[in-house]
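In structure tokens, one chain follows: the form predicted alone.
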Amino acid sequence: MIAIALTYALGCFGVALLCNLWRLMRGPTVADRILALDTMVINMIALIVLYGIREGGPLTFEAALLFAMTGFVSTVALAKFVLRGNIIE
């Protein structure tokens, strides 16, 4: 039963990732594209964690943590660049 649920969740997050990619390509404003990129990071973290649960490897959770930190920093840097025009003051 858990294998079916994991497969369904992996499929749902994969479709959500494709929708985020579409929004990233077609976003009418820069803010929409930054939001799409942030949501893509969240969906990728979910995919990595679900894959780790499915395969039972502890390395994927550490990879998800590193990916989350990198995604957070990149989102903050992009938002700051859009608001102020530079990242480092």
Partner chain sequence: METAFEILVALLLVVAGTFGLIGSFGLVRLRDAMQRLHAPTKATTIGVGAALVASVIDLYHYRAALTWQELLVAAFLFITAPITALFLARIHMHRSIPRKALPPTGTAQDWATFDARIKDADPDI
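Residue numbers count along the first chain shown, from 1. What you are looking at is a predicted structure, and each value in this text was computed from that prediction instead of being measured.
There is another form of this protein, the form predicted together with the partner chain, and it is not shown here; the text below is about that form.
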*Is there a heavy atom of residue 15 lying 4.5 Å or less from a heavy atom of the partner chain in the model of the complex?*
yes
*For residue 69, is any heavy atom within 4.5 Å of the partner chain in the model of the complex, or not?*
yes
_Sequence-ordered residues of 36-51 touching the partner chain in the model of the complex, heavy atom within 4.5 Å_ = 36, 38, 39, 42, 43, 45, 46, 49, 50
